Structure formats: structure tokens, C-alpha cells
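There is one chain below, alone, in C-alpha cells, taken in the form predicted on its own.
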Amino acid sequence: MFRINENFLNLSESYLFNQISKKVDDFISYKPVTDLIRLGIGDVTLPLPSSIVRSMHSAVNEMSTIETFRGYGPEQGYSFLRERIAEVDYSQRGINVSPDEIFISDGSKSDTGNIGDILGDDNVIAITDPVYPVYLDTTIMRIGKSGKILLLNCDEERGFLPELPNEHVDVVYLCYPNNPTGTVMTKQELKKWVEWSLENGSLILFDAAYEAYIQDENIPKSIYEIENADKCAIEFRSFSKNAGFTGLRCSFTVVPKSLMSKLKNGSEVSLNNLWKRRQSTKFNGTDYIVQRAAEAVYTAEGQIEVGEMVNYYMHNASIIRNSLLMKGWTVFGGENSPYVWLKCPHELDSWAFFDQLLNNCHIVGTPGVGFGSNGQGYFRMTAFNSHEKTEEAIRRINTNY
């Protein structure tokens, strides 16, 4: 009899956002409504910027003639995009990242989950709690529920930031600006993690998918702003939230060539080479048309347009944050992140508040407990909607609470 990967049986029955969708579908079937406001899943709502659309049209036209048609592209991504990323996202900010350290992919969700393919199963993995579910779920898929998974408590007392582990850890997932709490790390705080990692021979998996939303100049947009981070960290970036690519799927991962691991025999191996080998085997590359669209992000016009998109959503975040603070609620995030993390009123638990918002206000958010036990009693709202619907959502909350 064939066997399955029984680690999957250790996962919750369904992914968090599938649970939310089912509850919403059940609500609509029982009480049909047309004025539902969705501030739950982090999906963008604005259309693609015009410069990106034009670039896609041009790329589609290229695919229509034999002279410019393209089939399989390089698994690591086309040089035209990797070079622009290296120049604009890193070199112009004083960070040394070369194009061959950049790997284009179809989403940070994929890469943060797949990175475990090049890591050993004996590693102790530290994951913050609360956390973006993909880190924990994909780790469980690979190694099961065991003592090799360490949850780092991130609670209100600590400002939802993790403390350095007191016990041995080989790999740690860090996401800043954070999903779900919207909190950020200062350069000094992140420097402590880099120094800890170098001292202990540990690896940091740094998810910077929301770096475009950072407004404070003292908050690092890249972990490589910290000296020697290239020797201990892999960075994940995405075009989903800054350029509206949730439907196009494009991201990139930086694996520095200076990032090495020791084998049992004492010799060293390059993680850059391992990731390149993994991608070449399991991934045929991101669509040419999509990569041309991503390239347009780095044009002068594209930079203005994506900046306007970010500002639009940050205005929504400010509406939510400031309005809830005026009510006297405890609120985190919303200043350098499109996520607002709030303490549920009246000591409600996360799902109870979800039900109240859905039934009384026709608003969909995300229960904090879905991100981990430390999220119980908290709730996440996103800024990814129109100004009008965001303002209407706040009006409904003010009316009912």
C-alpha cells in the first residue's frame, strides 16, 4: 500500500482564509446582503498602473511573431528584470546585491514555503506567534509537529516583537513590516537579530513583502541594510502589494553568494547554488509577460504610479487606525504597514468579534487567533479597499460599538 505524507494530518482542517470564506458564504446564503465590505484577506483592489498594462500589451504583441516569440525562459528570471531590481531596490540604497543573487518567482508565499527544500530536517525552526500561516504550515508539512518547531511569543507587552531565543535555533522566520500585526523593527532591533544569527550560525528567512509601505526612514526596508546580513539571511520580496500583482503573481528572492552552510564533513556549500538547483528542477520560471510587467515598475512613470498606489492604501490604513484610536481601542500597525491589528472590544475572543462585525456591520476581517494562540482576542483589518468603503466600514463600527 502506498503511503501519504502524514505530516499533512497535523495541519488544521483548512487554511485560515478558507475558513473565513466558508463562514462568509454561509452568512450570505442565510442572509443575502449586497453591502458586504471586505477588510480581511490582503488582496489589492486598485487596477494595475497604466505603465504596467502598456508593458504587458507590448510583451503580448512580442509573443505573436516568430521573431520575438519566447518559450521557456531562464528559471532564475530574465536579466532585464534582475538587473533593474539590483539597481533600484538595492544599489540606489547603498546595498550591494548582484543580479545573479536575485531569483524571480511567482510569489513570496511560494518561496517562503519552498525554501525548506534546501534545508535539512534536523534544523530547529523558530517562528513568531502570531504569524503568517504559511511559515508554520509548510514547516509542519515537511517535518511534522515536533520539538524542532519553536514558537516565539509576540504579545502586546512586547509590542508584538519577538525576543531573541534563549535556546538553540537553526532557522528563524522574520516578517517586517509584519503580517498580521503591522509592527516593524528598527535598524537597532534588526541588528540584534543579525548579530545573534552570526554568533550562533543560524539562518534568518526575512520576508519583506510589505517594505514599500514603510514611511519611517529609521525602519529598514531590507535586512541587507544591516552589516554582514548577507552572511546569514535570505530575503523575500513581492510585487503583489506595492504594484497590485496579486493576480499576476511575481516576486523575487535574494540568496547572497556569501551565504554558506557547513556540511557534516566540515566543507562549505553555497545556498545560492542550492536554491538555483532547486528552482531549475522544480520551477520553469515566471511568465515573460509578467516579468516585463514587473520591469515597468522600475521606470520613472512606474515608480510614481506604484508610489501613488501605496499612498492610497496607506490613507485607508490611517483612516482605520486613527478612527479606532479615537474610540479608545488598542491598535497596532497602520503606520508603516497596510495592516491594522486591534484588540477586540469588550474582551471578545477573535471569532466572536468576527461574527459580530459580520452580522452587525457586514464587515469581513481576520480573526487574530487564526495567526496563532497569541492572536487570540485580537483582529486584523486591511487597508486594501476603496476610500469610500473604508470610511463606510468605520461609520458602521462607530454606530455599533
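A quick note: this is a predicted structure, and the numbers were derived from the prediction, not measured. Sequential numbering from 1, following the sequence displayed.
Note that the form predicted together with another copy of the chain isn't included here; everything after this is about it.
Stretch-level contact analysis of 351-359, 22-30, 367-375, 59-67 against another copy of the chain in the predicted complex, using heavy atoms and a 4.5 Å limit, identifies 59-67. In the predicted complex, at least one heavy atom of Gly285 sits within 4.5 Å of a heavy atom of another copy of the chain. Residue contact with another copy of the chain in the predicted complex: Lys148 places no heavy atom within 4.5 Å of it. Among heavy atoms of Met326, none comes within 4.5 Å of another copy of the chain in the predicted complex. Mapping the unseen interface onto this chain, Val97 falls outside it, with no heavy atom inside 4.5 Å of another copy of the chain in the predicted complex. At a distance of at most 4.5 angstroms from another copy of the chain in the predicted complex, all three residues Asn114, Val134 and Thr138 contribute at least one non-hydrogen atom. This chain lacks the partner; the member of Ser318, Thr246, Gln215, Thr186 within 4.5 angstroms of another copy of the chain in the predicted complex by a non-hydrogen atom is Thr246. Shown without its partner, this chain lists Ser261, Asn153, Thr299, Ser91 as candidates; in the predicted complex, only Ser261 has a non-hydrogen atom within 4.5 angstroms of another copy of the chain. Applying a 4.5 Å heavy atom cutoff to another copy of the chain in the predicted complex picks out Ile41, Gly42, Asp43, Val44, Thr45, Leu46, Pro47, Leu48, Val53, Met56, His57, Val60, Asn61 from 30-61, in order along the sequence.
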